[in-house]
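One chain comes next, on its own, written out as structure tokens in the form predicted on its own.
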């Protein structure tokens, strides 16, 4: 098959078609500081440094989709939280003061897209877009409202509201969705992303029951996702929860890609999702950011990539990725092992030894 650009490869996978090879995406956010050899503060607040880091990741690890950003603080800061930056390039910035501490704060939430973290992120993505043109797709990020509520407020406070004052939490979630319209519009107009990565990390049974997720998660997720689909931007949902509500999301959400920690505690494996939902959504996963990529060896990474392709690569509609963000101290030799593994096992048409069911 003729060699494709990353954009062509990625779009064919989204359409459940076979590209020339399996596409690769690494959620390499905070690790970008190490790639750019700068402090975490400079990486997060300097768009040029952030762009340089992501372009280094593109060239060094041969990924097919670029993102950016750093942890959760840079987004939450735009909604009124305060941030602490650490020295060095190993620890991402953290939220040290929430924006919503008491009842009246939810209605006062405001959006400031000129804050250092978000403005640097936009600058970085614009630089990357100018550098790669239309050959490499770019991802922007948004967080599901219930997860984002636990960023602009303390998690324990949000959990108390679920039980003791659900009406107030609904008010807060509605305010977040309202502000998201401006937030998303700015990212689309400034960055022109090829896809939105929609983080759904609270949609998991170790935190919310199904009834709680149905009440405080799904309605506000759908409002946000419908707004994205109206702007004609594909959607990639990612959930690194131990027991994520994958089926509820796939069956209710207008999404194009589903990414979860399939190598973790989740009972739903790639093969299961491929058989049940492969006709409906593109799947992403197969690499374990807490095991092989973190403390394994390159041969372990190769074995995981091969196994993932065996489980979900048949017929296309699969992107090799980790279950979530790459650790800042992940050995570069492990990341460098991914591309050769894909070249060896992931070229279409896949070899019968790879695609055969066990």
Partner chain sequence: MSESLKLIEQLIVKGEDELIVEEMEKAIRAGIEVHDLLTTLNDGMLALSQQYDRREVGLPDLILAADAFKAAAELLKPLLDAKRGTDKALWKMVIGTVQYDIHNLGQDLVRTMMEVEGIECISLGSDVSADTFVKKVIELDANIIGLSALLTATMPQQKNVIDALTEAGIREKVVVMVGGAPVSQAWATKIGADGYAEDAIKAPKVLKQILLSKGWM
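Positions refer to the first chain, counted from 1. Just so we're clear, the structure is a prediction, and the values are computed from it rather than from any experiment.
The same protein also has a form predicted together with its partner chain, omitted here; what follows describes it.
Comment: 89-97 is the region of 89-97, 139-147, 223-231, 173-181 lying near its partner chain in the predicted bound form, near meaning a non-hydrogen atom within 4.5 Å.
Among heavy atoms of residue 290, some come within 4.5 Å of its partner chain in the predicted bound form. Within this chain, residue 56 is remote from the site of its partner chain in the predicted bound form, having no heavy atom within 4.5 Å.
At a distance threshold of 4.5 angstroms between non-hydrogen atoms, residue 325 is in contact with its partner chain in the predicted bound form. Its partner chain in the predicted bound form comes within 4.5 Å of a heavy atom belonging to residue 295. Among 128, 118, 207, 235, the residue placing a heavy atom within 4.5 Å of its partner chain in the predicted bound form is 207.
Distance criterion of 4.5 Å from any heavy atom to its partner chain in the predicted bound form singles out 162 from the list 268, 162, 248, 113. Residues 155, 261 and 329 are all found to lie within 4.5 Å of its partner chain in the predicted bound form, as judged by heavy atom distances.
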